[in-house]
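Only one chain comes next, encoded as structure tokens, the form predicted alone.
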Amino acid sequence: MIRQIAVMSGKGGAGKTSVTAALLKLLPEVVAVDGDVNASNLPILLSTQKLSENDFYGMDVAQIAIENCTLCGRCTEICAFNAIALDEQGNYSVNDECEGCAACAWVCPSKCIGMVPHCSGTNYLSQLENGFLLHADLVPGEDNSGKLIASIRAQAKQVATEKGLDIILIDGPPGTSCQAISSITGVDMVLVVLEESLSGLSDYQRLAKLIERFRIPHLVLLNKTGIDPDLGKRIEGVVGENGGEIIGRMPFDMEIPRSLSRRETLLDMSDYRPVMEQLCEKLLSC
């Protein structure tokens, strides 16, 4: 049976990817997924070798066969996104604003508009020292990030099945958008990296409600602790009220970003390796 664990955070900069990278190195064999397709950075911290890459087609867009177009203008009248206009040659053409609704194709009297696949990004399969990494890059400004995450998660499950690996660890995107939903759908456990700050607390509460709707158990690692003890106690109470369990703490330490800038993970820091080892043991035992 393949077990899927998602590492999430309510906000960016909480330390989610740093924790994920350390956990990945502790696991004997693993399939990893970088779910932040808008800013994939897990490969930066890990030693990877790219095995393959493929274009991702998120949705179809309109395309006009100009040789059959009568220039009636019905397509421009119906388009709600101003995606069709006359070009320099006097022909109607479709620009990047097209949302793929196909309204123009339906109303075109000469049937010269068709829907064609549109490349929205690239997904990759890379080799890790102890397994495989599925990651992707969404073309800036493109939609369908949720579909791209679902796509690489499906590939990860296929790789895990073929290779006989029983752990998929997902480095999810920050926040509670459709990307987060695509990252936690169907997982067995969520590890929340919660920054000890007012913004971290506020965003955790939204994320916890999302996790609760999916009926997924979640554990919490408190990060950047020690600045405001009263806030720390308040966060502990809120985590308990939302059904979470705090299983680890890491203090605010400027040496951590310095270490990460050298592409060193938390395992390379003697003060934090025991924290990561205990965290990994707890995740695997739940």
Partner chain sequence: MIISVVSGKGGAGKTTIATSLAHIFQADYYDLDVDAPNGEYFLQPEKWTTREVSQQQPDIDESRCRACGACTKECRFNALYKIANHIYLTEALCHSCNLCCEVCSEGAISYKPVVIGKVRTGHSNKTWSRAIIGDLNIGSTRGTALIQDIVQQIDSSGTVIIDGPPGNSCAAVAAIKPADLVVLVVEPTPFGIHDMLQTLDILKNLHKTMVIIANKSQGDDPLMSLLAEHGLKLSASIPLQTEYHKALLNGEIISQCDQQIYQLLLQAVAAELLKQ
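So that the term is clear: the rigid core is the largest set of C-alpha atoms that superpose within 1.5 Å between two forms. Positions refer to the first chain, counted from 1. The structure displayed is predicted, hence computed values, not measured ones.
In what follows, reference is made to the form predicted in complex with the partner chain, a form of this protein that is not presented.
- The closest heavy atom approach of residue 12 to the partner chain in the predicted bound form falls within 4.5 Å.
- In the predicted bound form, at least one heavy atom of residue 206 sits within 4.5 Å of the partner chain.
- Of the heavy atoms in residue 257, some are within 4.5 Å of the partner chain in the predicted bound form.
- Within this chain, residue 213 lines the site of the partner chain in the predicted bound form, having a heavy atom no more than 4.5 Å away.
- Between the options 129, 99, 87, 188, the residue in contact with the partner chain in the predicted bound form by a heavy atom within 4.5 angstroms is 99.
- Taking a 4.5 Å heavy atom cutoff to the partner chain in the predicted bound form, the contact residue among 91, 110, 199, 161 is 199.
- The stretch that touches the partner chain in the predicted bound form, counting heavy atoms within 4.5 Å, is 246-254, out of 48-56, 23-31, 246-254, 64-72.
- In the predicted bound form, 38, 39, 40, 41, 44, 45 are the residues of 28-50 with at least one heavy atom within 4.5 Å of the partner chain, listed from first to last.
- With the core superposed, residue 118 shows a C-alpha displacement below 2 Å between the shown form and the other one.
- Relative to the superposed core, residue 78 undergoes a C-alpha shift of no less than 2 Å between the shown form and the other one.
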